[in-house]
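Starting off, we have a lone chain in the form predicted alone, written out as structure tokens.
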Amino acid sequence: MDNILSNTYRVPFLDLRVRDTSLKNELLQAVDRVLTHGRILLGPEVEQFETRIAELSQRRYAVGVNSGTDALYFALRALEIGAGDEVITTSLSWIATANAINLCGARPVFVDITEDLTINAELIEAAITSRTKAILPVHFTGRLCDITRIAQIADEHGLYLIEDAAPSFGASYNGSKAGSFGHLGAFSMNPMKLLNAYGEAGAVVTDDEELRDRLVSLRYAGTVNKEDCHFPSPNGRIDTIQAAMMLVGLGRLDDKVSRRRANAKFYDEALGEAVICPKEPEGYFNVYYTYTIIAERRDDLKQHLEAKGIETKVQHPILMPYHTAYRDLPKPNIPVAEDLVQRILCIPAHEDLGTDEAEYVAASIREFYGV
């Protein structure tokens, strides 16, 4: 493998260009159909998209919205979570998770994580107070958190469970899909996700018809029958064009996941002596939104890889409670998150990564650690 270091590569973390000619043609045809029938907002493709998302998430209903952040916000609003309420969540996620809670008027309560980078389920009960209304765990990096234990805690304490499944569409535990465990599940489908729009998009899934109806209202400025406003709310409708293009993507999703899992398996075998690789315990199915390693001397390694032409990411360098907007909240006890955020690094593992490129990435990491 080390011989490959004599070659020169540019390895992007993710390439959002559509280079597959057949895919590009399918996408353009989908857009053309929407432009021809003219139902630009909430057209027939939206209903088709929602039906497919519900089926694949093992839920009765799905409601398309215009971003993953809106998916979380509308999920919380549908449960009437607001001022004076607390929502328990992880300390490591994109800030949209905390923002959605805050924008509803509720307070995020941050809990520490485990080495798998998801919320530590065994610390949740200690964070529950008389104000706690819901638990909002995140299926971070494309693998489910300890969701069965969290669901048990929510049930025992009479709390709502909302899954932030933004990065994990298609992931599962013992055959049950991300988004299928909670009262509601929220997905992001922006261009970086496996099931990606070509702009912003998201969806909320549920089995509850009343919640579905509230979501439909909330995404349309809180109106009922698109006329009378019952719940003041922003516009969060999904564009028909995005739904149409994602219907094309759904036909290729299994192949994308397979290729990411193949790249992950290669890294597992090639990097085990150099860094801590993400684990996939029995029963879990990881879709690898990111392949996130835990590495000593992370910043030096990142610089080394950049010099080799390898783009990497830290997701996310600022823990949610330490963003400026949330520094007035009580300081959480999150020593594991504080440690791991200094050592996590996402390396290229996307479906378009070539074999030679993956070998080059692995060899460059092994070179840095001398193994």
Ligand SMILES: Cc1ncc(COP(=O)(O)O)c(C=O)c1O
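Just count from 1 along the sequence shown to find any residue number. These numbers were taken from a predicted model, which means no experiment stands behind them.
Same protein, other form: the form predicted in complex with the ligand, not shown, and the subject of what follows.
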Go through Arg260, Arg143, Lys193, Arg219 and name the one with a heavy atom inside 4.5 Å of the ligand in the model of the complex. Lys193
Only one of Ala178, Ala166, Val204, Ile238 comes within 4.5 Å of the ligand in the model of the complex by heavy atoms, so just point that one out. Ala166
Has each of Leu72, Trp94 and Val138 got a heavy atom lying within 4.5 angstroms of the ligand in the model of the complex? yes
Work out which of the listed stretches, 273-281, 158-166, 109-117, 244-252, brings a heavy atom within 4.5 angstroms of the ligand in the model of the complex. 158-166
My question is simply whether Pro321 lines the interface with the ligand in the model of the complex - judged by any non-hydrogen atom within 4.5 Å. no
I'd like to know whether Ser67 contacts the ligand in the model of the complex, with contact meaning heavy atoms within 4.5 angstroms. yes
